[in-house]
Structures are given as C-alpha cells and as structure tokens.
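Quick setup: one chain, the form predicted alone, written in structure tokens, and binding and motion questions come after.
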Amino acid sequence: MTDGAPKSQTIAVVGGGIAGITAALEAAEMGYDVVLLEKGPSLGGRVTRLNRYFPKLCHPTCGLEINYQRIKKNPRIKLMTMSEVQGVTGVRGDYLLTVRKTPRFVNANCTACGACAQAAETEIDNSFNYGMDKVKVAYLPHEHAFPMRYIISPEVIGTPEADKIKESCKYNAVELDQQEETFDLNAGAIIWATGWRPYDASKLDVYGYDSSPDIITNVEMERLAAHDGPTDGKIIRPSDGEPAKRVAMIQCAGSRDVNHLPYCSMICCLASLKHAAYVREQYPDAEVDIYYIDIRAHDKMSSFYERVRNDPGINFIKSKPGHIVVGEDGRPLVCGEQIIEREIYQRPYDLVVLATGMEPSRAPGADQPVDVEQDEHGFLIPAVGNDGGQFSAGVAGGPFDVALSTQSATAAALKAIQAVRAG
C-alpha cells in the first residue's frame, strides 16, 4: 500500500475449477485485471469429471463451455495453466506471488490434431478417469479440455519415442526442451479456489476398497457412467466387464467419523441418489440398495430424493455396514445390521460404491507450499490472512455443491474488488 492506496489492482485467482473460473469472470467483467492460475493442464476441475451435475442433471459441458467462451472474449483475464503458487509475501494491495510453471512440452501452436498421440506408444494411467484406464504419453486431458491443447508426459522426455512424437507434429507445437521455470507475480488481492480431493478409500480398512476391483468410490462411479469414461458409459463390474445389476451404495464412507472425516460433505447423499438413477436408467431390471445413516437432500433437491425413493428398484436401508468382504464367487459381500429391523445381513453385490467425502486439497498433512490460515479440517477460513486481501472460494472454504461453489466465488470476487479499491 502507498499512502493508503493499493499498488496493484490485479486480482490473482488460484485454482481453475468452477469456483476459480466464476471468481475470475466476475472480477474481470467488473473491469479488473485477473490472472487465473491452474496447476493442471486445463480448466474445469472436478466438475469436468462429472457425468451430470445438479440441479438440472445436465452434462458439465453445458455450463463450462459458456464460461470458456467468456474467458476467450475477455482481454482482462490472463490464463496460466501448469502453474502453481509456491509462496506469497506482502500485504493487501501489494502481494508478490512466486509461481512455478511446469512444462507441458507442447506450445500454443497445437491444433489438437492428435498426431502426437498416434505416434506415441507408451501408456500411463489416466488421471482424469482416476486411473481406471490408460492414455498415451502424448494426450489431450479430456475431450472438452480448455485450452484444447495436448500435453506430453515427462516420463517419455529424452527417449527415442519423444523424438518420434516431435517429428509427427507438422505445426512445430512439440517443444521437448521446455524447462520448469519460476516467476513472480504482483497482485492486490488473492482468491484461493484450490478445490478438493476425494477422501482416500484405502484408509477405510473395513470396506476392503483394495481387496476387489468391484468396490469403487463415488467419483469412480461418476466416470463409469460418463460417455467419455473408461467404459464409454457402461456401468459394469470392473472385474469381468459384466453388467452391474445388483448394486450397493454405502453412505458416509469415512464421513461423519472421528477417525476419518468428522464432518458431512453435503453432496454424497445426492451423488448416490444420482448414481442409483444412472443404474436404473441403464438397466431397468437392476436393483440398487442404498445403505444410509440419514439422507441429506437440501432445498430443491428434496424433490429429486422423493423421485428416487419412489422407484421400486431402489431400496433404502437404514444401516451403517460394518464391513465388506469378498465372497467365494468373487463378489463383494456387504455385512452389517439393519437398525430398524434389527436384522443381521450379508448380501452379495455385483458392484459396491463407497460414498467417500470431500477433503480440501490443502488438507492437513498435504504438501503446503504456501502458509495460509485453515480450520482443523484443512478448509481455509472465510477471510484468509489478517490484512483483508485474501479470500477463499468454493470447496477450498468448506463442502459445497456446484451451485453454492459459484455463489461463494461471486462473493469472493466482490470482496477482492473491494480490497483492491480500498484507499
């Protein structure tokens, strides 16, 4: 600050998911310069991996594509992918962000023609599909990626295969000599939209996530149902490719549990209701059992809950399963006691879906390149820092669905504007 006035009115938005995109657009369309930093190769965050999302159950492309067009048309937004904040110094109106930019080995000449992928031979786990399938080492992040540009995995750099990939590109878009770089960025305010990650299901020993490929998580189920997912939208048993017609949904898998996530993640019940509807749409003769403590369908979502509950092929079982084991036939067996009927059960399923919760990306124990104020769960406090120039948006600040994330982002953009206008 100089004589009470900010040195910079630029707003830095850290994170390019739905909250970061919203915050950046709201601020830029109010006439402020924005730098949008995303550590991955494309925008959209977790929302891009959804098959459908609430409240209208439409495909994420519907909303994201409109926002991408707004970004393209707004000269006040500078987008930087493969960029992660490593440090912050300064005060409101005069922050200095240290940013590390990771090479993608493909420049802006890329037309997404796919020649590099055709030339590649080595395959790696597809992180977009949570490792459920493979992609070539030269790949497009996903079919609706923005920016629509390929990336080359560092595993292949320095090999004859990399040279072959470079030779395949007729647009001189492949740059194998790109290096990691670090640069400084000035900003008057910072919006942290660093998002969330699924809770690690392997920590839930009693549910045997690592014991069977037919025990999956809710985010993996979302990719199974997606047309661009690992099975082209077919909901099948990962173990043998057979249709999954007997499915169990286990609610609060690790959530509301002092040993894992002591809080409710808000979206898990709704996601499982949606997943049950996916199964029934695909297989009219399927049967889905939803094991729950209580169902939390807030506001307008209650009507969707009633619709699902009235489906005769979907059963709601009030119970917290005690454990899951693999039966002699290889099928997962869900074991526990029904609370109301006091009945002990051991039921086989084609597929078991664990509704794991949302953990902030900057959760305790995670790599923390920047020291920001967090609550005991790792969520950022509403006004990050004590100088009134840093703010959280979306799930960085607490468990939200898409609608509430965008509302939070709009609020953060307004606060950031007020911060850089203060004098």
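What you are looking at is a predicted structure, and each value in this text was computed from that prediction instead of being measured. All residue numbers are counted from 1 along the displayed sequence.
Another form exists, predicted in complex with a small molecule; not displayed. Remarks below refer to it.
In terms of non-hydrogen atoms within 4.5 angstroms, which of the given stretches 215-223, 170-178, 230-238, 328-336 touches the small molecule in the model of the complex?
Looking at the partner contacts, the answer comes out as 215-223.
Indicate whether the small molecule has at least one heavy atom within 4.5 Å of a heavy atom of Trp196 in the model of the complex.
Flag for Trp196 set to yes.
Is Ser83 close enough to the small molecule in the model of the complex to count, meaning some heavy atom within 4.5 Å?
Close contact exists here: in the model of the complex, Ser83 approaches the small molecule to within 4.5 Å, heavy atoms only.
Partner contact for Ile267 in the model of the complex: the small molecule, 4.5 angstroms, heavy atom
Output for Ile267 is yes: heavy atoms within 4.5 Å of the small molecule.
I'd like to know whether Leu25 contacts the small molecule in the model of the complex, with contact meaning heavy atoms within 4.5 angstroms.
No, Leu25 stays farther than 4.5 Å from the small molecule in the model of the complex.
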